[in-house]
Ligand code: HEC
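Below you will find one chain, with nothing else, as structure tokens; this is the form predicted alone, and questions on how it binds or moves follow later.
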């Protein structure tokens, strides 16, 4: 092969690569779910998916390892233990119950356990098992999938530290 043929082959492969990059960029801008780290199926509408950002996706991972057993109807392994717990814990998608609670209250409940916050004594304290960042991620996840959707309040944050 002479050098002209080599240059021609190189030019054709470079143009094909550039064209593929342009097409990929066009696809990425048209589908917002491609920017999501993960998705969650809407509890009320199985045809709708909720895109999750990185923190919410990490919260989903932690939730599925620790919380799903009591705060969901089903687990990856089958039915949950929710029906065996008294009082019955709220579902993680139950916005009517969880939306009025502040992030600080939820963080303290997860960290210290239900009995420390005047809730069910059946909820164990997770503060020594999962990190504060993971707890905040779980809260971000349940806020993202709440039905009805979570609307943060405009009131100022508490002056008291978490824990």
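Owing to the predicted nature of the structure, the values given are computational and were not obtained by experimental measurement. Numbering follows the first chain given and starts at 1.
Below, we refer to the form predicted together with the ligand, which is not included among the displayed structures.
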Close approach of residue 86 to the ligand in the predicted complex, 4.5 Å, heavy atom: yes
Contact test in the predicted complex: residue 66 vs the ligand, heavy atoms, 4.5 Å: yes
is_contact(residue 109, the ligand) in the predicted complex, heavy atom dist at most 4.5 Å: yes
Contact label in the predicted complex: residue 122 to the ligand, heavy atom within 4.5 Å: yes
